[in-house]
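What follows is a single chain, given as structure tokens, in the form predicted alone.
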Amino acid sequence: MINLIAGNSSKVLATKISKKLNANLIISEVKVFPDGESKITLKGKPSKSKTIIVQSIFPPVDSNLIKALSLISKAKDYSNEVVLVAPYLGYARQDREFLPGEIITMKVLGKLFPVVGASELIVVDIHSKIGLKYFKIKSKNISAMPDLARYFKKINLKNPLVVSPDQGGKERAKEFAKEFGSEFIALKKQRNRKTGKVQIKTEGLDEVKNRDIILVDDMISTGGSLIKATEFLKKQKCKKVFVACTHALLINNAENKIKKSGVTRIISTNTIPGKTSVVDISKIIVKALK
């Protein structure tokens, strides 16, 4: 029987996956000491067969990363085949040297995971596939866009249009629109690499007028890009604005700020648990594992 170790950041998702795989579910417990160190204990013993670890690496990113590495190392004591499922992989935005002197942290992770014992990595809607080239182990990126699109089919929308907030997400929006059955467009965005300030460079858009909009993105951190995009689209006289994203980090009261800008609802997957995480991706992860 396959072993499945549930990291503390992904217990609910891991349980769903284990049931679909009929796997031996092993829960990990974490005790945090006053100095911030974590003590991780497996509540069960893995067999010597294949072991899957499910641990999303979202904030606190460094803490959840150390836990993932520790679980991999322990699993390797029992099994020769250790698969890390990191539905949300922190540091994925640090996949190249944007400014002189910046460390490519994805290159560091690419070295760490195989050293501690991982033989395969599965992620969901990674911010940039460039980062996976640093991994010398088998790696797979799977898309949650079809599942998100199917969820939106249940919502009664007025002449909907799928919109990517930037050109980088154009293919993502295209995939969503194909499953959803609508047109799509991509806005032009410019971000200052030093200040992080975002500007929408797209000129006026007649095609959004009187239409409901689905803003599609891979992740929401502080929501700055989505807020700028929503404000722009509202000026073009669109109707309601919805957000579909895979990973809803929603840092620093981002959800309230996004809704204040004019967004009706945020829909995300359960790669990161939260009240917007209504789309379950356990099925597509199980398919990738098989």
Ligand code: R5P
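The first residue of the sequence shown is number 1, and the count goes up from there. For clarity, every value in this text was computed on a predicted model and none was experimentally measured.
The form predicted together with the named molecule exists for this protein as well; it is not shown, and the discussion that follows is about that form.
Of the candidate stretches 27 to 35, 62 to 70, 220 to 228, 44 to 52, only 220 to 228 contains residues with a heavy atom within 4.5 Å of the named molecule in the predicted complex. The candidate spot formed by 127, 166 and 189 lies fully in contact with the named molecule in the predicted complex, as each residue has a heavy atom within 4.5 Å of it. A single residue from the set 170, 178, 93, 150 has any heavy atom within 4.5 angstroms of the named molecule in the predicted complex; that residue is 93.
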